[in-house]
Ligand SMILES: Nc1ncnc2c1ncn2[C@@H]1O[C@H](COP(=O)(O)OP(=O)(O)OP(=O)(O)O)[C@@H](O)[C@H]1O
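As a starting point, one isolated chain is supplied in C-alpha cells, in the form predicted alone.
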C-alpha cells in the first residue's frame, strides 16, 4: 500500500505503487514518480557516496526510492523511510532474504539507519514495471503478465515454511481507528478461505516487473508478504488494473491467473484493504 520499491532497471514508475483507487477511501493516492527536484537525505548520500542519485518514486508518507547510478559498479536502488513514517524496512529486508532462491526479487545489499530514518539498498533488477509507459501502451499484455506472474508467485512459495501471516484475522487487528463500527462489523464476517498461499501483500501492477518479452520477471515491495487467502492478493491486483490502465481489465487479470471472479471475496478483501493503515 505504501509501495515505493522501484527496483527495476529504468526510472519510470518502476517497481511500486498503491493499488487503492482514489475513490476507494476519499484520500487521493500521492505515491508517484517525482516531477521535480527531491532533496537527498544525508543517510542516502553517506551510504552511496559518489553515485548519481535519481529519484524514481515518492510515497504517501514521505519515503523516497532512488536509483543509484555508477558506471563502475553494480546498479542499486535505495529505499529511504523517514523516522516515524511507519514503513518497516526491517520487515521487507527479512522477506527479501527469505524469498531469495524461491522467486525473483531484489537482493539486499545493505540496511542502515540514523536518527532521521532508515535505508534499504537492493541490487537493481532487469525489467520494467508493469506501469512503465512501454507497458501502459500495451495494457492487455501487461495485465496478462501481472495475473500470470501472481499465479507463479503463489504456486512457487511454500505456505508451511513462511514465517509471516497476512490473514484477514490478523489484518483486522490493524484496521484504522477512523473506520466506523458498521464497517468493522462487516469486516468481522470473514469469508471462508479459498486457497491459502504466501500472499505478496501489495500485489498491484506497479510492483510487478516485466521482461522485454512481456512476461513477469520479478516482484518488488514485499514488506507485507505473508500467508493468507489468495483472494487477498487477487482482489487488490485486479483492482489496480482499473486505476493504472482503466476499466475493463479486471477479468483479464483473473483469467491470466486462472480463476473465475469471486465477487464476495473480491468485495471483502477490497474493503479490508481500504480499512487498513
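Because the structure is predicted, anything quoted here is derived from the model rather than measured. Numbering follows the first chain given and starts at 1.
This protein has a second form, the form predicted together with the ligand, left out of what is shown; the following refers to that one.
When the ligand is considered in the model of the complex, only one residue from 113, 184, 123, 134 comes within 4.5 Å through any heavy atom, namely 123.
Contact with the ligand in the model of the complex, defined as a heavy atom within 4.5 Å, holds for exactly one of 235, 56, 225, 216, namely 56.
Using a 4.5 Å heavy atom cutoff, none of 147, 240 and 262 lies near the ligand in the model of the complex. Not displayed here, the ligand is approached by residue 209 to within 4.5 Å at the level of heavy atoms in the model of the complex.
Shown alone, this chain has one stretch from 169-177, 136-144, 198-206, 154-162 that lies within 4.5 Å of the ligand in the model of the complex by heavy atoms: 198-206. If you take 98-113 and check each residue for a heavy atom within 4.5 Å of the ligand in the model of the complex, you get just 106.
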